[in-house]
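In structure tokens, one chain follows: the form predicted on its own.
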């Protein structure tokens, strides 16, 4: 790999931005495509597919056979609420290779004993969230049912480019939540990003089933094209 490509690759990876190295298998030439440039690239469709799947591989294209080396940041799952749903959701996230963090200022709930092997931060969101570098490869889930915890956390998530934001609660509860967030200046376009009621509608009843529904919806948003995910 040429030195300039390597420098650019390292810079994009350090900034947690997806990047693809396109290698022409016949000519041996290489070029780098940044995530922001994929839509305008001649190989946009296959590049988009490979980035969404976070999978390198060979592709037959109109430009010939190419090998796409995909570099995608590891996703993270940030959960506010050390609740029963979180006790299933957090290990599920880890099984799917997410870096999982649970935030809850209630020290009686946010304990290592209840969440073994999980990064648990017993702090308020305004203290806990900034160091986590929430970004477009973050799935954010609000589960406390307490506006003092969930609302500031959602404000933080909405100010970032998270690929998924979900909040627990009925439609009535979410309606009140939207009113509170709107009163703090959040525009309707941003509020529409919140998935609520949270999770795919699979008839989930128990906390564990709700966790499965949430993780399924997160996976849908991560892996499918946006238009297809919204239609699902």
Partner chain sequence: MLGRDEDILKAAEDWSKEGRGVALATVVETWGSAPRPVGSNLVIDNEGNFLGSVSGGCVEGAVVTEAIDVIDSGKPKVLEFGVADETAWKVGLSCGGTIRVYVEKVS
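All figures in this text were calculated on a predicted structure; none of them were measured in a lab. Positions refer to the first chain, counted from 1.
Absent from the display: the form predicted together with the partner chain. The rest refers to it.
Only one of 58-66, 33-41, 168-176, 188-196 places residue heavy atoms within 4.5 angstroms of the partner chain in the model of the complex, namely 58-66. Although the partner is absent here, residue 13 sits close enough that one of its heavy atoms falls within 4.5 Å of the partner chain in the model of the complex.
The closest non-hydrogen atom of residue 9 lies within 4.5 Å of the partner chain in the model of the complex. Shown alone here, residue 23 lies within 4.5 Å of the partner chain in the model of the complex, counting heavy atoms only.
Proximity of residue 71 to the partner chain in the model of the complex falls within the 4.5 Å heavy atom cutoff.
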